[in-house]
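In the form predicted alone, a lone chain appears below as structure tokens.
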């Protein structure tokens, strides 16, 4: 077949698309050369930023940003500044780590150990009980039941404070109804101890674990079980090689979240055992804030310690949840 002839009588050369042309065709010509891109301090770039800040979406987030600034960022920064402020020998103020070093003495070190002990034991029990409960609920495969459980667990997980402590005092206190019915006094159990704190914390820790782990068990696909059975695998093989590896990040994240919730509980523990009954970090902070002198600076150091633990807890929980959620999409 002959090529078409132009007006000059010569056949045009076949057109070959260059790399720049092909790249521009694939991206729709949206790729700009470095010379065409606006610089960081150019007027066009800042005009785009200004229009984005004036958009309805940004303006709708302004109240939330204001709340975070006033009640989250500013208090944390102020607490950190007070925590590193120390009194010098000449009566002035300076910057130092003396307030953090004071945490290794007296009741502060005991409060840290006690808080970690109660949180570890309480979160471990909640993780086991909550995981088994979620697994049993998921086997029923009822969307209505899942919805009801989600509502109740979300309410119970955020319930606590003084009413929770009073309800446990009425039931499991020294004169409580269940305490007398089961004769718990003969076993040496006391609600006003660290064991009592662990029991009381289960009221909101177990629902928290169920709320976190139930979607993971529900999200395990039926096709995965069928594929395992088609390949000759047993139920234990499925859980060992498929189910648990997928659910493990979410379960570990739920345990970490329960640990953080137990670590930061204040009102329930304060009503149950008081400030001096069993030293805990939240109780020590409340006690130190009522004293004068350098005690408030030590309280701020304890507060910074709690903030660091909370941030690490939330970061680890989010990472583990996102890793498990990749298989549930």
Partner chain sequence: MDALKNARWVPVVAVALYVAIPVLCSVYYAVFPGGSFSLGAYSVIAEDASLAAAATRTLSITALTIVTLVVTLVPALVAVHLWAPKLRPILEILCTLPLVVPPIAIAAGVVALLGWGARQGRGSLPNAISQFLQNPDLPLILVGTYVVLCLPFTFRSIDAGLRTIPLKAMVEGSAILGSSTFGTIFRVVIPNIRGSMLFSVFFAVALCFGEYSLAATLSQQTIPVWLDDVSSNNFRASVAIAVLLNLTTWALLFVATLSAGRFSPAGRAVRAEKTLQKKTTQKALAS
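Please read all numbers here as calculations on a predicted model, not as lab measurements. Residue numbers count along the first chain shown, from 1. Note that the rigid core is defined as the largest set of C-alphas that superpose within 1.5 Å between two forms.
One more form of this protein should be noted, the form predicted in complex with the partner chain, which is absent from this view; the next part is about it.
In the predicted complex, the partner chain sits within 4.5 Å of a heavy atom belonging to residue 57.
Of the heavy atoms in residue 246, none are within 4.5 Å of the partner chain in the predicted complex. Contact annotation for residue 206: at least one heavy atom lies within 4.5 Å of the partner chain in the predicted complex.
Heavy atoms of residue 231 never reach within 4.5 Å of the partner chain in the predicted complex, leaving it off the interface.
Stretch-level contact check against the partner chain in the predicted complex with heavy atoms at 4.5 Å: of 76-84, 93-101, 114-122, 214-222, the positive one is 76-84.
Just one of 132, 235, 110, 227 comes within 4.5 Å of the partner chain in the predicted complex, counting any heavy atom, and that one is 132. Along 60-87, a non-hydrogen atom within 4.5 Å of the partner chain in the predicted complex is carried by 60, 61, 63, 64, 67, 68, 70, 71, 72, 73, 74, 75, 76, 79, 82, in order along the sequence. After superposing the rigid core, the C-alpha of residue 162 moves by less than 2 Å between this form and the one not shown. Once you line up the core between this form and the one not shown, the Cα of residue 72 ends up 2 Å or more from where it was.
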